[in-house]
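Single chain ahead, by itself, as structure tokens, in the form predicted on its own.
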């Protein structure tokens, strides 16, 4: 049974307000996705690292990726994250029971040790699971005009992260049958089938770069690790 990292990287990152997709924006002298791949390359348990990019991607080939010896690239990205993941799964030529770990291209601060721990924790789980952290902040539900309707209890609430680890065939089935705007991550597709993925403790440093200021924060996190 193999463990395959799958990185959907076909998005445009519109909230970054940049003509360049966010996965290629400069982060500490390298494209953002380089740091993501570097972290995954340090996970000894991974057998393959696969990136799914858009068929029209004009940035990937302008960088040198040769240091990542086991890196594979699939030009089959879709219009949404879920479509990109499904297209990638269908193109993998993997065994149905292989594990796939889907990770955001824009999470460059991933700790490889967390991935190794996740693989151990989920080895015998019937569904799989995700990295996540308990919600720490008070949550407010708003109405039009940003007026607070009420405070939402945070007990039992977790903030989903990636990687999200499931078996290839089961995840492909879940995405193929449950595709829709409510599928915002892989776990939600499995939940739609009535399955219950496991939560594995992640890290607050496993930041997803979404807005311009997140780049600076990611740079600080990466720099702190080098000290």
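Everything numeric here is computed off the predicted structure, so don't read it as measured data. Numbering follows the first chain given and starts at 1.
The form predicted together with a small molecule is left out here; the points below concern that form.
Would you check whether the small molecule, in the predicted bound form, lies within 4.5 angstroms of a non-hydrogen atom from each of 4, 128 and 167? No, the candidate spot makes no contact with the small molecule.
Since the chain is shown here on its own, which stretch among 143-151, 73-81, 93-101, 112-120 would lie within 4.5 Å of the small molecule in the predicted bound form, judged by heavy atoms? Among the candidates, contact is made by 73-81.
Can residue 86 be called a contact residue for the small molecule in the predicted bound form at 4.5 Å between heavy atoms? So residue 86 does not count as contacting the small molecule.
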